[in-house]
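Only one chain comes next, encoded as structure tokens, the form predicted alone.
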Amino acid sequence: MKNDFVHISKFLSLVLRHKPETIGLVLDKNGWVSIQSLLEAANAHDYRISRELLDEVVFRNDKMRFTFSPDGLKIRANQGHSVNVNLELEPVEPPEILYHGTIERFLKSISESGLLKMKRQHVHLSATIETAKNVGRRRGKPVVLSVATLRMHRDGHQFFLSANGVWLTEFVAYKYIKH
């Protein structure tokens, strides 16, 4: 039985952001799945998740990766999908500067190609240096890049703000990045 908080959060990230088919789920076009279907499929795959535990993971997760639908019947990830979903986000004007956390070994590639979304739907940017450091720290010694997002926006690039405060955009050219 696999039921610790971190393990369940990682499991939810897998099935709600990347591989719902792992447990036989199908996300709708906006990334939603019924909570009942999720719980039944999870339990059938030895992830003992009650509605109470699911609530705890959603509400206690410091990154607020998941959200419930207004009617409380569905769940989805707020961002970070590698599967094609429409989060129904409206373009918004970003602040002057946002940040991206990475590590030194990626700097050469970033200087050549900019920030790419890779397998995800968007490049992720943070509103604070500390958050960007924490993102970079997951892979090693963090390096924080400053991105001239308001200038990008004025040059025609769109930005979206996810429900958990992560800024999203399609691509960041190196000319907008300061190290």
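Keep in mind that this is a model prediction, so the values were computed, not measured. Numbers follow the displayed sequence, beginning with 1.
If you look for the form predicted together with a small molecule, you will not find it shown, but the lines that follow are about it.
Looking at L39, you'd find every heavy atom of it more than 4.5 angstroms from the small molecule in the predicted complex. Although the partner is absent here, L16 is not a contact residue: none of its heavy atoms lies within 4.5 angstroms of the small molecule in the predicted complex. The small molecule in the predicted complex comes within 4.5 Å of a heavy atom belonging to V166.
The small molecule is not drawn, but in the predicted complex it has a heavy atom within 4.5 Å of H100. With the partner omitted here, the stretch from 118-126, 146-154, 25-33, 42-50 that lies within 4.5 Å of the small molecule by heavy atoms in the predicted complex is 118-126. Three-residue candidate spot I110, G114 and V135; every residue lies within 4.5 angstroms of the small molecule in the predicted complex by at least one non-hydrogen atom.
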